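The chain that follows stands alone, in the form predicted on its own, written as structure tokens.
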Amino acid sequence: MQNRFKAAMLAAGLLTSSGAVLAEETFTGWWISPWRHKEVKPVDNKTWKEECGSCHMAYPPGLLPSKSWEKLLNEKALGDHFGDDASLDEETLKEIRDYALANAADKSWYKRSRKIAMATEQVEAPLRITEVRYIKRKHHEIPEKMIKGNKDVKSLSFCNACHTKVEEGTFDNDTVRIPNYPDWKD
């Protein structure tokens, strides 16, 4: 009897873990996966935080797909990183690139990252998070005056100006506080 129970538990474990691998193959499979998380994986790499965060917000890699990080994180691209020289030594670049590719939207179990991955899978790699169709759609109801006309926001690329829990990987509506517009609700 105990052997049957152990065999059943082993079979259940194997089915469950193989389901996790297969779950990513379809939207339905991903949706019912017990391994998915809400939001975006927070940044947990010290080098990423220090190097990227010294010039701008250290964006979680789950906000862009792998194909975007591949275009952004190479010697040539970093030599002219949106008008600035963000060159890195070879070892640091490798660490940052490996981290981005391992945690990109299309490699993530996080719900919001998966939505970004789906929104970018049939299009050319976006180089900016603000070019992602999903991100645009999530922000389309916010009037321009609250973003570009707001001296404390200026652009959608300053995620942390309004998203108060970015460090935790949380970008939901409940944690948004638009500076100078405390009463605005989505």
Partner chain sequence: MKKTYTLMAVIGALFMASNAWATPATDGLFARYKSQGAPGFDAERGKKNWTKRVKSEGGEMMSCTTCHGDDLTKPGKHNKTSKVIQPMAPSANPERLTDAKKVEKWFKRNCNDAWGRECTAQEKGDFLKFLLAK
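Please read all numbers here as calculations on a predicted model, not as lab measurements. Numbering follows the first chain given and starts at 1.
Quick note: we don't show the form predicted together with the partner chain, though the next part is all about it.
Judged against the partner chain in the predicted complex with a 4.5 angstroms heavy atom cut-off, the residues Glu51, Gly83 and Ser87 are in contact without exception.
Val123 falls outside the set of residues with a heavy atom inside 4.5 Å of the partner chain in the predicted complex. The closest non-hydrogen atom of His37 lies beyond 4.5 Å of the partner chain in the predicted complex. Under a 4.5 angstroms non-hydrogen atom cutoff, the partner chain in the predicted complex has Phe158 among its neighbouring residues. Of the heavy atoms in Lys67, none are within 4.5 Å of the partner chain in the predicted complex.
The stretch in contact with the partner chain in the predicted complex, judged by heavy atoms within 4.5 Å, is 53-61, chosen from 37-45, 53-61, 115-123, 134-142.
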